[in-house]
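Each of two forms of one protein chain follows alone as structure tokens, named structure 1 and structure 2.
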Structure 1
Amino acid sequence: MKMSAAYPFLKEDLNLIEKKLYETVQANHPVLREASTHLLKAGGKRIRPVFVLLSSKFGNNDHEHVNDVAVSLELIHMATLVHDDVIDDAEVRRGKETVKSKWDNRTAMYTGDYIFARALETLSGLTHPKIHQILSNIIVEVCLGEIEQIKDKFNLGQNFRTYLRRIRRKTALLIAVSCQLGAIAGGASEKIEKALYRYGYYVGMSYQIIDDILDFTSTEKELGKPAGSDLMQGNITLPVLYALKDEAFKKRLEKCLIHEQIIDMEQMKEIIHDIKHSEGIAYSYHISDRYLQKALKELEQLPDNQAKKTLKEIGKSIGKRKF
């Protein structure tokens, strides 16, 4: 089941958010306008707006403010993707040319900065100081996560704790904050807000680990980019970390690299094939499921409504997704 099948009742709200995303990224300068629109049209799951909308339904659901929060968080996510593609020298995302590929690195960096600025502007009308404080803190954490990823590229000596801290900052915290800010904007109680934050954090950890598994197990068509791209770019994910426990595998991987550059592409393809069929995939699914079970446990504290049921369905679908 596609994740979107769990929330058909949000279709109208998501259409409004999509329209506002399009309106928000329009710029007077033609290059900024075209590059931002190109990124938006590449699509995406829009899971952050979905979590904002669902979490808001545990309060009085202030529609305008909730939508502003949803748009802002998605724009922040989009901005990080543009910058990521420059750092990773990525040519394709979601089956489409990246901004850096279609234009150039400098255009991509300024496009990311522009989208980020528009995200902040979208929230400028909200007077709730807690929302701005939380958002500022999460932006700092996302930046730290990105720096850690750059620092650890092709670092075969990193451990599981390093990996978990990195995906916490890169992915899990933004999803956690999507749930938290949705609850705040919707007027939910502090107890519900905290439970939703924890739910989002655990779901975010599970979601990213599944992403890292699918990078090896899905097809290029499903991923919208070549399989094994993360490892080719030097990102050491959980399936690779598990495989590195085998000294023979570690030595084979080291032979493919020199000064953090891949020198033996054919052997690298064999290594990616081996990881795909290794015990590291099952181990990674196990860790992902542990986080998912913690997320579902947090939902027990919430009142019964359609949003709670949907959050549970989304959580369960995360572990089963194929792309």
Structure 2
Amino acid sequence: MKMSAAYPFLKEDLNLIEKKLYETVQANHPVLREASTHLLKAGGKRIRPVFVLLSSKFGNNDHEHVNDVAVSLELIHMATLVHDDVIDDAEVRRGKETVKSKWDNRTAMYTGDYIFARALETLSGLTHPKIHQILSNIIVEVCLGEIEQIKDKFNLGQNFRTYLRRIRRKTALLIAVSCQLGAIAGGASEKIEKALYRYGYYVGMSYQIIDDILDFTSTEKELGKPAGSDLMQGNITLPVLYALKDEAFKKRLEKCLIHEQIIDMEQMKEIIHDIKHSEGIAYSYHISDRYLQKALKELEQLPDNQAKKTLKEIGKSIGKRKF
């Protein structure tokens, strides 16, 4: 089942959010306007707005502000992606040319900064200091996480804890905060807000681990990039970490990554093949599932409603997703 099939009742809200996303980035300068809407047009799961909306259903649902939070979070995520494509020198995202590829790095930098500013301006109606403290803290954490990721590249000496800390900052926190802010903007109780934060956090961890598995197990067509790309870029993910417990494998990988960017591609293909068929994949699924179970357990504290049912379905679909 496609994840979006789990929440048809959000369609109207999501359409409103989509419309507001477009309206918000209508810059005066034509290139800035085009570049800012470029990534929006490529679509995307809008998973953060979905979590905001669902979490808001546990409160008295102040509709206007809930949507503002959802729009702002998605814009912050988009601004990050536009800059990430400069960092990764990426040509394609979501099947479309990246901003940096269609224009250039400079345009991408200005566009990301512009979108970030618009994301903050969208929150002008929200005077609740806690919302801004949470969001601003997460922006800093995500940046620090990305810096850590660069620092950890090609570092075969890292451990599980380093990996988990990295994916926490890279993915889990923003999803956790999407749930938390949705709950706050919707007027939910503190107990519910905390449970939703934890749900989002565990789901985010599970989601990223699955992402890291799929990097090895999916096809190039499904991924939109060659399988094993993360490892080729030096990112040591959970399936690799598991495989590294085998000293012989570790030596092979060390030999393959002769010097950071200089990779023996023939050997690398073999290594990727071996990881794909290793126990590391099953182990990673196991860890992902453990996070998922924790997420589902958090939902038990919440009152029964359609949003709870949907959050449960989303969680389960994350565990089953193929790409």
Partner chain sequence: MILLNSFNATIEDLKKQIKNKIDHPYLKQFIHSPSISDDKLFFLHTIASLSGKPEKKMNQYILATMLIQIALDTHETVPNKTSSEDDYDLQKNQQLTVLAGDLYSGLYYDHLARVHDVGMIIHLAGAIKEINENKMILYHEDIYSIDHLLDVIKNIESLLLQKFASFLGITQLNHILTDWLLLNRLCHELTLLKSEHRNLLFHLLTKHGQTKQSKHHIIRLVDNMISRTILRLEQDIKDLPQGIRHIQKKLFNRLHQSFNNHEMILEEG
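Residue indices: 1-based, along structure 1. As the structure is a prediction and not an experimental result, all values here were calculated from the model. Rigid core (definition): largest C-alpha set, two forms, superposition within 1.5 Å.
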| item | value |
| --- | --- |
| Correct structure when looking for the form predicted together with the partner chain | 2 |
| Yes/no, D85 Cα shift of 2 Å or more between the two structures with rigid core fixed | yes |
| Cα displacement of L32 between the two structures reaching 2 Å, rigid core superposed | yes |
| Core-aligned C-alpha movement of K96 between the two structures, 2 Å or more | yes |
